[in-house]
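For reference, the chain that follows is the form predicted on its own, supplied as C-alpha cells.
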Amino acid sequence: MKYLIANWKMNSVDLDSWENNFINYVNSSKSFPKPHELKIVLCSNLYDFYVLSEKIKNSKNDIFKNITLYAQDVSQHEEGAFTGQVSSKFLKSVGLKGSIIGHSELRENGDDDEIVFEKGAKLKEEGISNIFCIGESLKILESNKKKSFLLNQLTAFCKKNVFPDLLAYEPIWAIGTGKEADPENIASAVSMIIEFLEKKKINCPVLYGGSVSSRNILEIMSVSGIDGCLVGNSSLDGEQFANIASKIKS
C-alpha cells in the first residue's frame, strides 16, 4: 500500500471543479492505482468538510469514493476556553479519520515537541490517526545537525505508547518554496527515520513532503523506503493531484 496526502492549507478550492477535474483524469487514465494500492487522504479546511464528505459518499467513481478526510490540525486540549481550537473528540464526532500534527508551519507558530506529543496523545485517546511531520530548517541542514535534530523530534514524540500512524519527512526549506530536496538528501533522512522506527518496533509508513509535483514524483518515489507523499500546492487542482497519484505504484 502507498499513500498520497493532500494538504490544502488555508486556500480556497472550488470543490465542484476539483472533483470534476480529479474524476475526469482518473477516468481517462489507463493504469490509475486501485484503492487497495493507493490510499488517498485529503486534508481540507473544516468549513469544506461536510460538502466534501457528501460528495465522496455519493460519488459513483470508486477512486473518489475511497478518499479519506483528515483535519489539518487538532488541539492538545479536550475542551474548555480555547477559542478557535478544535478537539480530537470533535473531529471524531463529525467523521474525520485523522489529522496532521507537527507541521512546520504550526511548529513555527508555537507548537513545540511537547505540544505535538499532547496532540498525538489526544488523537490516540479517540482512536483517530495522525500524520506526524518532522523536518529540519536550512540552518540546521547547513550546520550538519540534521540527524540529531530529526532524532530529537522523533524521540520527543514516540513515548508513553504514542507513535506516528503516518510519518511525513518535510525539510522546511523545501515546503512551498519550489526548492526541491535532492534524492540523496531525502534518502539519508528516510534511512535514519526507518532505523529509528525499527529499533522502536514501530510499523509506520514514511512519506515525503516538500514541493512535490507531477514533475518530480517519480524521482521521489524511487528513493528506497518512501511509501508516499504529502502534497501542498500541487494538490489544489484536482487534475494535477490525480496526475501525481497516477504515477505512484505499489
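Every value quoted in this text rests on a predicted model; they were computed, and no experiment measured them. Throughout, we count residues from 1 along the sequence that is shown.
FYI, the form predicted in complex with 2-phosphoglycolic acid (PGA) isn't displayed, but the following is about it.
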property: Heavy atom of L230 within 4.5 Å of 2-phosphoglycolic acid (PGA) in the model of the complex; result: yes
property: Contact flag, H103 vs 2-phosphoglycolic acid (PGA) in the model of the complex, heavy atom cut 4.5 Å; result: yes
property: Touches 2-phosphoglycolic acid (PGA) in the model of the complex: V212 (any heavy atom, 4.5 Å); result: yes
property: Any non-hydrogen atom of V86 within 4.5 angstroms of 2-phosphoglycolic acid (PGA) in the model of the complex; result: no
property: Non-hydrogen atom within 4.5 Å of 2-phosphoglycolic acid (PGA) in the model of the complex for each of K9, E170 and A174; result: yes
property: Among 60-68, 217-225, 25-33, 203-211, the region lying within 4.5 Å of 2-phosphoglycolic acid (PGA) in the model of the complex by heavy atom distance; result: 203-211
property: Within 29-49, the residues that have a heavy atom no more than 4.5 Å from 2-phosphoglycolic acid (PGA) in the model of the complex; result: none
